[in-house]
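Let us start with two forms of the same protein chain, each given on its own as structure tokens and named structure 1 and structure 2.
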Structure 1
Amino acid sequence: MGAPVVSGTVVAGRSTKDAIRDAALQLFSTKGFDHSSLREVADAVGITKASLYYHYASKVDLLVAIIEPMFDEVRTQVEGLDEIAHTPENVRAVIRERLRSTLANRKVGALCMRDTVAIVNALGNRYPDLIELHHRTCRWLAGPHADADTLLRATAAMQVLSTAMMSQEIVPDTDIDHIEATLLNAALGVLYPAR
């Protein structure tokens, strides 16, 4: 909206590019990726669609800007698993680390969880190994030479972690460390059943 600009940064502290990304995340989260138009995103920011194209080359580029930081974080974590021995303490540490980044990126995570098909379709072959990264995490959690039952429980444990993305809606007045502790224990309980 013609705000004063110094080398690409709005004086207020947030660039137009960032404002577009934030508005798009909000819109994609509520209406879905396919059902959100770039005109709506531009309206939310207070610019026109044509101006938006100055900052992002395409709708998919905008989506990538939103989710790439989280994907990179997950990728780094998963690729590091190869060097971590599968001990009970390390399993606990790995789950805790994933839980922390899930909580930190919960808004983007919820978008990916609730609009998976549309996003996967839009990204096409840009992240061909994304699902494989998730499977690798499950396989690492299950441990070497795990049987089918253990692999199923490892997948269920990962599902428990995804509860973190909805935690603000479910228990809004609970502090984040407590949520982390509860879900960590729950996931470990699924992975190592008492009975």
Structure 2
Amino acid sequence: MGAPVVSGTVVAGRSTKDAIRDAALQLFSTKGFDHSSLREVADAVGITKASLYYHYASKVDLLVAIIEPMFDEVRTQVEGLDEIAHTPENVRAVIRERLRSTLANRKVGALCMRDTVAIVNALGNRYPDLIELHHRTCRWLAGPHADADTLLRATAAMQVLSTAMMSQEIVPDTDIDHIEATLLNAALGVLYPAR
């Protein structure tokens, strides 16, 4: 298994690139980005370090490959918001979609929360764009002509959703549907407090 793996080769039913990303995500999540080496990633996949470099030029490139799909999903969600009418039903649907996306990517999300500095450095000039996507979501959730209180509640509701990233560690034995329902209700409760 230590022989070089070339592009397109499949490792245990996955492409080599996928296997590298999965192994790196596991290592970065457990040891942290700074404390993991590309040698460890290559060893975990069963390839040489040279084979790993064939797919990813650096550890930062590998980190970007891990996190970028999640951010691309967020970008797609946010770019579609302008075409959705701001109604309570649609607000609930948008929050649920973001929550499901976060839960589906919670291992990557947990890595982002733990290694924020590495993520910001890896994303470079793309990081401000991600912040703007977050702000756009909050403004949409608050609704047109929102006052300061409503905008703050919308932002707080988004923070509730970020709990999904660490949910595996917080409640490891809890069913994902239960987590989704709890966090959806919590976010909506923050956004629409009982008067």
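Rigid core (definition): largest C-alpha set, two forms, superposition within 1.5 Å. Remember, it's a predicted structure, so these values are computed and weren't measured experimentally. Residue numbering: structure 1 sequence, from 1.
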(request) Tell me which of the two, 1 or 2, is the form predicted on its own. (result) 2
(message) Relative to the larger rigid part, the smaller one rotates by how many degrees between the two structures?
(response) 17
(message) Please report, in Å, how much the Cα atom of P128 moves between the two structures when the rigid core is superposed.
(response) 4.2
